[in-house]
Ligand SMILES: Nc1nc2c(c(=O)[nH]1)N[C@H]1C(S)=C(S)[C@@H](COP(=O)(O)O)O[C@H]1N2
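Okay, here we've got a single chain as structure tokens, the form predicted on its own, with questions on binding and movement later.
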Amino acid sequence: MSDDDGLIGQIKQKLVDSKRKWSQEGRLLTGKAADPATRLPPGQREVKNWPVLDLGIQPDVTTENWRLEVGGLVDFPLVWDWRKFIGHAQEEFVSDIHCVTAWSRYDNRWKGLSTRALLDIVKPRKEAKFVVQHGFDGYTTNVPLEYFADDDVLLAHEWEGQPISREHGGPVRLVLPKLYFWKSAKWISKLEFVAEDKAGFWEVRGYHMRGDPWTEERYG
């Protein structure tokens, strides 16, 4: 292990320990709920920038070496390279995003492949109830299939008319705006359809299995 690898490991562990402590303390919880029509979930503040949050690792993934694997409880599993991915019809969505660290950003313009289009291709089996996302950095997170299949969810490769940057999860990340943004994996590499809910990276460290910002599902 190089000195740089050791330093990155220390930084990553410090970040993980800090977030785990947040869950143990119930940090940021207001005990309130809100109607999505109000736009700003409880305990959140609006920001104009897009803060960078990760595990202290930003993998070097490019359109040349990026691959997407979709498997598990689907009739037609696949492995796509960039050419196959971008060859499918792309859509543009506008959505707000809400981070569990208490910031929200309004009116983000995305471009990518809608998850509904992907589901039409892979055909999840009736026993599939959840989707586990895997990132190139080793990150995982779980979401109910009903949320993954919503009409505003996509595998995004552009933000505000530009390719999504490496620090924000490019070349492709999930965008699932109705849940806290830790439920939208960066540097997406694999989607696994499963019958039983399976806790991901933050979920096993005290964070909520669903993550609805309007009812403050920050922690489990």
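What you are looking at is a predicted structure, and each value in this text was computed from that prediction instead of being measured. Position 1 is the first residue in the sequence shown; the rest follow in order.
Missing here is the form predicted in complex with the ligand; even so, the following discussion is about that form.
At a distance of at most 4.5 angstroms from the ligand in the predicted bound form, all three residues W50, Y139 and H168 contribute at least one non-hydrogen atom. A residue is said to contact a partner when one of its heavy atoms sits within 4.5 Å of a partner heavy atom; F193 fails this definition for the ligand in the predicted bound form, lying far away. Contact between L154 and the ligand in the predicted bound form is not found at the 4.5 Å heavy atom cutoff. By the criterion of a heavy atom within 4.5 Å, L28 is excluded from the residues contacting the ligand in the predicted bound form. Contact annotation for L55: at least one heavy atom lies within 4.5 Å of the ligand in the predicted bound form.
The listed set Y147, Y106, F93, W103 contains one residue whose heavy atoms approach the ligand in the predicted bound form to within 4.5 Å, identified as W103. The listed set I121, A128, C99, V132 contains one residue whose heavy atoms approach the ligand in the predicted bound form to within 4.5 Å, identified as C99. Along 163-183, a non-hydrogen atom within 4.5 Å of the ligand in the predicted bound form is carried by E167, H168, R173, F181, W182, in order along the sequence.
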